[in-house]
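Same protein, same chain, two forms; see structure 1 and structure 2 below, as structure tokens.
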Structure 1
């Protein structure tokens, strides 16, 4: 455990060094002082549009991403340069995910009372969610790299990137699949569950966490703190279960 903790710290310090190096480079369109304000402004305008429109289709993750994409196209910045310029955000991604545990702590007693049904739902959801996607992709002739990326679709980005690296998959493809899954789940999930007659905020939140990870958890927090707590719980447990089991299944 100590060796793993030391390794995680070394990896985090290496990322911190990369961020510092990027800031020290000469100013350009892909410099962090350009890319970071672009990200912030894109999300801010996306949030304004979402609150004004009031429709989940224009969720700030969707609207903000489209605005940032438009800015990158205007500036002529490709994805590797954008990824380098956004290094600080990648660095803060892990602590931000951990912060989602705050509503879980606030509703811990409610979560404990729903123990075994939650564990059964987690086991089925964590296995079936990626399995169905991989099965469909395999039927359509998807390559191994595509299948590996799809296996990480239901876990949050830091976990997906680490798994893709360990399983020799493509990290950028995994990140794209994770983002797409989260956006679709956040936009369509609550409405679909409502159509199915599911209104229990514990079930809605848990479903969002299993299927749409951190983006779904942010959407669940908009519904209620209880919904967000169950979504954060499902996201964390699903990520841990996937991180433990996926390397075993892939290497079999």
Structure 2
């Protein structure tokens, strides 16, 4: 076994160890037993608010993160302490990305029926979405940090976070950009396509998945099951494709 392989696993073990030691520390406001319930409460209430309001603008990412921020300010916890208290959640990110393979496998038959036009559309869409955004930001004089954060704007958050780490970008900025992009796509997307006279649910769903990932997929599911299936599929494929292509482009 090569040293690099062991190194990657040792890194993971060290992360696990950090989570364990954080739990063993004396109880304080930044202890995992305080931070984790805060996260869970923020998520739970965020979800409740979203379900009641029923608008993508109040997606649990927005409501939940604002609630957690309020909790942190009340408790007087700074961000690094909050991060180490949330270690357990960071550890689950990897398995969560791997779990995306299951809905992908289950939707794969849909692709077979639509065939190559869909794959070509996916390839073009996956390249186009970050390219257009980076182009606009570059025109307006955005810094390299901003441009890197924009390259993962249309892929689902767990993949975007993994990519941000790979590209040495700011993970939090990437997460924010992904959430905002998803909300813009989910709020304006269906209306925009109606204006353009596009009503094919497969096209609507696929565009939602490529440009507005999970938030768009939830919106697509409200339109119809077929629309949702195409969106989920496009999201998964676009995430995988971007993860394969992007690091190559950025290092060039």
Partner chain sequence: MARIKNVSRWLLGAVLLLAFDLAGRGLTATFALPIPGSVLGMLLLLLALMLLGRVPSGLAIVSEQILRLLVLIFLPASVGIYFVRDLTSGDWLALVAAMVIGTLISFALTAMMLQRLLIGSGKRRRGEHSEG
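If you superpose the two forms and keep the largest set of C-alpha atoms that fall within 1.5 Å, you have the rigid core. Numbering follows the first chain given and starts at 1. The model shown is predicted, which means the values in this text are computed figures rather than measured ones.
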Legend entry - Displayed copy of the chain that is the form predicted on its own: 1
Inset, instruction - Note yes or no: does the Cα of residue 214 move by 2 Å or more between structures 1 and 2 after the core is superposed? - result: no
Inset, instruction - Kindly check if the Cα atom of residue 84 is displaced 2 angstroms or more between structures 1 and 2 relative to the superposed rigid core. - result: yes
Legend entry - Threshold 2 Å Cα movement between structures 1 and 2 at residue 72, rigid core reference: yes
Inset, instruction - Superpose the two forms on the rigid core, then give the C-alpha shift of residue 27 between structures 1 and 2 in Å. - result: 8.3
